[in-house]
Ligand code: COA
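This document opens with one chain alone, in structure tokens, the form predicted on its own.
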């Protein structure tokens, strides 16, 4: 008999340090002023364009972001560095990505009344892996005392929903009864903090999702009504940093080894792609958009989320219908929709329907329909 996968619990780790837009702008503009002064003669000759300052108003209008949590605040705000500085650890120490994943995992396990020994498989699904191998997931598995198997996967900002479907499929196939999906995102490490158009986008965080067979899950869980995944190749969001190209530029003459995107193009491409995916998924499942109590959307851009929610629901969504965590967490890649679900799901009643959706580089998108069981 095929097992039915459900979500038993989620967990969240939030870094204690936060950077406000005002702090970020002050740092960025100090660097801009110094750069323009250093190249004043070239700028005066017309050989170089002056850098433009940023502003709190520009950031909030462009993104809806007001602050972001980070693992290394002082170095990011230092105009001479403007990048996180996280000390390298010896191989015998727990890696920073595994450490924050374990923090989120601990909360998810506790909420479900489980321990690491109950976990049969671990998936680390995130955008920003700190090393190729050994897998972060295997390190998390070892630290938890879990058995079975573990592996890493990366589908950029859609990694969590892809991880959920992968875990659900493993439970259905009988390969595991309890799967832990962790999404540790230190996005500050791949962001070019000296790019005016994107220096405000990302924050750091970790989330965890515990999936189990319904037969062994606690009564208070979320049924997975259905899930759909979609990918479509695009260069509009790209990060070229990797082991074949180790340059880590901190100057404006070689910015393409860090995160970059064509923001307007991404908006035009992704909004209809994601809206259509959700509407098709609902139609295939026989669920009316009006039946959805909540949309937990990927937290990338407030305007993008507003338009997607409106296209799906047929009206401007209220905060209760489509909650936002972007304003205080910024874009946390794969973890964003999971944070929204973690913080804004407890008030739903048995039988209520919600939809978890992620979208990002690739392009990639994932849609997961959930029903509250208790």
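As the structure is a prediction and not an experimental result, all values here were calculated from the model. Numbering follows the first chain given and starts at 1.
Not pictured, yet referred to below: the form predicted in complex with this ligand.
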Q. Among 345, 27, 322, 54, which has at least one heavy atom within 4.5 Å of this ligand in the predicted bound form?
A. 54
Q | Heavy atom within 4.5 Å of this ligand in the predicted bound form - residue from 103, 223, 118, 197 | A | 197
Q | Partner proximity in the predicted bound form: residue 62 to this ligand, non-hydrogen atom cutoff 4.5 Å | A | yes
(Q) Taking this ligand as it sits in the predicted bound form, is residue 261 in contact with it (heavy atom to heavy atom, 4.5 Å or less)? (A) yes
Q) Is residue 301 a contact residue for this ligand in the predicted bound form, using a 4.5 Å heavy atom cut-off? A) yes
Q. Wondering, does residue 266 line up within 4.5 Å of this ligand in the predicted bound form on heavy atoms?
A. yes
Q | this ligand in the predicted bound form: contacting segment from 109-117, 273-281, 293-301, 133-141, heavy atom within 4.5 Å | A | 293-301
**Q.** Check all three, 12, 206 and 329, heavy atom within 4.5 Å of this ligand in the predicted bound form
**A.** no
**Q.** Sequence-ordered residues of 347-373 touching this ligand in the predicted bound form, heavy atom within 4.5 Å
**A.** 359, 360
